[in-house]
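The data below hold one chain only, encoded as C-alpha cells and taken in the form predicted alone.
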C-alpha cells in the first residue's frame, strides 16, 4: 500500500514535493499560455470569418516577443532552482556527529540494519529499521560481494539509492513519527517483489530506552516471538526458507533440520553455506556471522516451529481437554511418550480410538476426522514431545 506515500514523511520529501508541485502548476500555466491563445485565434480567425483582403503580413511585435521570451525563461529558471535545491538537500549528508549512522545490507532477498554499539557494547541488528523522530539518520548501504544490485526505496521519503556489492552508497533522512514502507526498486531475482521491510519512526525517549537495552525491538513493537525467531527473521532467512511447512522457496525448507539434522549441521549451513549444498539447489546463499549462542537459539526455534502445525491441529480438535503434554494422565493418557509409538497406532487412536484402549482408561474418546497430512503433523508433534 506504500504506507505514508501521501504524506511528506521527511525533510527531503517536503523539498521534492514542493518542487514537483511548483513544476506542475508552472507547466499548466505554460500549457495554457500556448494552447489557450492558439484555440482562441483559430476560432476567431477561422476561414468563414476573415476575407483574404483583410489579411496582413505582420513582421514582428516587439512587446509580445519580449513577453513570450522573458516569462518562459523565468519559469525555466524557477524549475531549475527548485529542482537543484531539492537535489542538494537529498544529496548533502548532515554532519556525522549530529546523526545516527546505521549500516544497511541488502541481500537476496532481505534488508538488514545494524546500529552503533550502545554504552554496554551491545549491537542491535534488525530487519525493520527503528529511528527517533526529527533526528538525522545516515544510511551506509552495501550488498555482499556475491550478491546483485538492489535499490533501497522509501516512497514516503522520496528516497531511492542503489545498493551495490562491494561498494558503500549513502542516503539520509530526518522523518516525522510514523511507519513507512521500504521496497527494493531494482529487479534482483526470484523474490524481488517480496523484498519488503519498514522504517518505524518513534519518539526519542522510546528509541533511547530501546537502544540502551538488549531488546530485539522497541517495547511498542515487541511481539513475544522467541529470540531464535527474531534472529531467523532479522537475518533475512525467511526470505529464502520456510520453517513452518515443507514448501520449497528459493532454498530448501528448514523443516528437514528439525527432522534429523544436528545443530552442527545448521551451524555449518549458516557459517559456511556452500559446504554441503542440498540436492537441486545452487550455491547462492551468503555466509552469515552468528555466535554459537545465537545459532542454538535459531536451531531451537526451527525445531519448535516444525511441530507448531501439529500442536495447532491438536488444540483445534479439542484434544487438550482430555490429554496433557507433561506426562501426567488426565481423562486420557498423556501425549508425552506417545512419540515412541508406531505411526499406525497413532493414526488408529485418532480415527478409531476404541480399537486399542490404553490400560486404565475408558472408551470415551470420539473418533476424530483428520486427513493423512494432518495426522502426519500430529505424529511429528508427538514425536517431538
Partner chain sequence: MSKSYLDAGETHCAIGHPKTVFWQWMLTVDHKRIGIMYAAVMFVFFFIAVFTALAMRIELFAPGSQFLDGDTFNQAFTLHGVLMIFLFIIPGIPAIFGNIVMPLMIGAKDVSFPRLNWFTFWLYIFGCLVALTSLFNFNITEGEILFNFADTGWTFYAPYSLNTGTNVVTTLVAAFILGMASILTGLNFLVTIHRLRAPGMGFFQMPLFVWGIYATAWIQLLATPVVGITLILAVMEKYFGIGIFDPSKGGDPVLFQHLFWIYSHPAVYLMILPAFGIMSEIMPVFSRREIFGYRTIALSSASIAGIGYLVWGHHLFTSGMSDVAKTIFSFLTFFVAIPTGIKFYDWIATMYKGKIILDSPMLWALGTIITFAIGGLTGVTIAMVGSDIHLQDTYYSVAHFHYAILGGVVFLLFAGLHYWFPLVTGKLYNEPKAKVAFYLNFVGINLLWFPMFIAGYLGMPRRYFDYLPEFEIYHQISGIGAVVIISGLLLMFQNFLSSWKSGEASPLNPWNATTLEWYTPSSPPPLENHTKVPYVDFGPYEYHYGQPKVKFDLQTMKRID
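Nothing here was measured: the structure is a model prediction, and the numbers come from that model. Numbering follows the first chain given and starts at 1. Here, rigid core means the biggest group of C-alpha atoms that superpose within 1.5 Å across both forms.
What comes next is about the form predicted together with the partner chain, which does not appear here.
S.K.: Considering 189, 218, 286, 94, which brings a non-hydrogen atom within 4.5 Å of the partner chain in the predicted complex?
M.R.: After the contact test, the surviving option is 189.
S.K.: State the residue from 133, 196, 209, 263 whose non-hydrogen atoms include one within 4.5 Å of the partner chain in the predicted complex.
M.R.: By the 4.5 Å heavy-atom cutoff, the listed residue in contact is 196.
S.K.: Tell me which of 99 to 107, 114 to 122, 165 to 173, 291 to 299 has residues with heavy atoms within 4.5 angstroms of the partner chain in the predicted complex?
M.R.: In the other structure, the partner sits against 165 to 173.
S.K.: Under a 4.5 Å heavy atom criterion, is residue 153 part of the interface with the partner chain in the predicted complex?
M.R.: Flag for residue 153 set to yes.
S.K.: With a cut-off of 4.5 Å between heavy atoms, is residue 19 one of the residues that contacts the partner chain in the predicted complex?
M.R.: Yes, residue 19 is a contact residue.
S.K.: Looking at the partner-bound form in the predicted complex, is residue 357 within 4.5 Å of the partner chain by any heavy atom?
M.R.: It does not: once the partner chain is placed as it appears in the predicted complex, residue 357 has no heavy atom within 4.5 Å of it.
S.K.: Would residue 86 count as touching the partner chain in the predicted complex under a 4.5 Å heavy atom rule?
M.R.: Within the cut-off, so yes.
S.K.: Check for me whether the partner chain, as it appears in the predicted complex, comes within 4.5 angstroms of all of 268, 341 and 361 - heavy atoms only.
M.R.: Result no, not one residue of the spot touches the partner chain.
S.K.: Any residue of 118 to 152 with a heavy atom within 4.5 Å of the partner chain in the predicted complex counts; write them all down in order.
M.R.: 145, 146, 147, 148, 149, in sequence order.
S.K.: Please determine whether the C-alpha atom of residue 83 is displaced by 2 Å or more between the shown form and the other one following superposition on the rigid core.
M.R.: Result for residue 83: yes, a 2 Å-plus shift.
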